[in-house]
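Next up: just one chain, as structure tokens, the form predicted on its own.
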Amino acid sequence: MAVIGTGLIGTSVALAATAQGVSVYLSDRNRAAARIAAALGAGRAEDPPVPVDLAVLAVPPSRIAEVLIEAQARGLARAYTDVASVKAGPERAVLARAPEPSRYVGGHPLAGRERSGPLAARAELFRGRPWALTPHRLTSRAALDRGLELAELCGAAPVVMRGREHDEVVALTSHVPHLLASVMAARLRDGPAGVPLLAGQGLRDVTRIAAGDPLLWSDILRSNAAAMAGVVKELRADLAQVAAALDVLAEDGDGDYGQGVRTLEDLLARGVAGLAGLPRPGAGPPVAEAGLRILVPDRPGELARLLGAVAALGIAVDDVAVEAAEESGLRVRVPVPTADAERIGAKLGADGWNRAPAESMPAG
């Protein structure tokens, strides 16, 4: 395998591949970066002696086509993929200009860190994370298979989708969040003097990703500007409503105070509902779930005992919810994969827990 570009993602791919016994050849416009990656054990900083099975283009979106054209011109590999976070633009350029577009499949591992460069790389960076693959109309089955093998080699969960769909999704889930983190972090420069003294974890959570490489992120945001623009306009409408509500509330009794409160409560409730549709970190793609309803006797310590039994079965205790409080006790919902519902239900039953019949529910 060959990896072109030895920053955080390229070096992490190379480390994951070498850990699985794959021979990896590294290159980068910055020769020092390739040598650092090689020193970390990511491969050899040299050209392969013969064409490799797969070349991974770990360069910014705007450079995918030019790097692919150069690599194909010298016969570097039998198949090519990339790890850029924008897909539609590079795909159009490849179809228009690359000599062998059928050998290319777009790729994007949904993983990263706030740090950049080869020293930030980790072999386990992609473990359990989605890895989008975006075959275009000319992508060969062999190229797609190489992309799927790479994702699985890195411990990721492959997700096949169209390039335009991918860009619309990541605009909402990645690119606009990074932009908002940067906007919020930029406000800190002009904040009150006490900001460093009272900066808590909430602020750090919101702004952490703003520490990314500005040049790389400028390339990403430019490349996905069309998909991002719609999301930003919707956010602007939401923020305008919030600003108006805060103005009303700050007037201390003037205006429609109740409407201002309702606007804020509605936004906060929609935020909670939006998060409910996301899988837990590291959980991989959503799976169909069933809800086991467990009746917990009204005695001290019984709920804690149930949570202990649930944790022992490998179920996340944070996802257990109390649905109702009845005279006889609590009705608790335990979400489990549908495929395991009967086995887990039988195990809990054998431990003395009474339950209602399992109820199917959507994934997430």
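Residue positions are given as counts along the sequence shown, with the first one as 1. Given the structure is predicted, the values throughout are model-derived calculations rather than measurements. By rigid core we mean the largest C-alpha set that fits within 1.5 Å across both forms.
What comes next is about the form predicted in complex with a further copy of the same chain, which is not displayed.
- Taken together, the three residues Glu70, Ala123 and Ala312 lack any non-hydrogen atom within 4.5 angstroms of a further copy of the same chain in the model of the complex.
- Contact annotation for Pro51: none of its heavy atoms lies within 4.5 Å of a further copy of the same chain in the model of the complex.
- Contact annotation: Gly194 falls within 4.5 Å of a further copy of the same chain in the model of the complex, judged by heavy atom distances.
- Within 4.5 Å of some heavy atom of a further copy of the same chain in the model of the complex lies at least one heavy atom of Ser182.
- Of the heavy atoms in Leu144, none are within 4.5 Å of a further copy of the same chain in the model of the complex.
- Partner contacts here mean any heavy atom within 4.5 Å of a further copy of the same chain in the model of the complex, and among 148 to 156, 70 to 78, 112 to 120, 135 to 143 they occur only in 112 to 120.
- Using a 4.5 Å cut-off on any heavy atom, the residues of 184 to 212 that reach a further copy of the same chain in the model of the complex are, in sequence order, Met184, Ala185, Ala186, Arg187, Leu188, Arg189, Gly191, Pro192, Gly194, Val195, Pro196, Leu197, Leu198, Ala199, Gln201, Gly202, Leu203, Arg204, Asp205, Val206, Thr207, Arg208, Ile209, Ala210, Ala211, Gly212.
- Core-superposed comparison between the shown form and the other one: the Cα of Leu26 travels less than 2 Å.
- For Pro49, the Cα coordinates differ by under 2 angstroms between the shown form and the other one after the core has been superposed.
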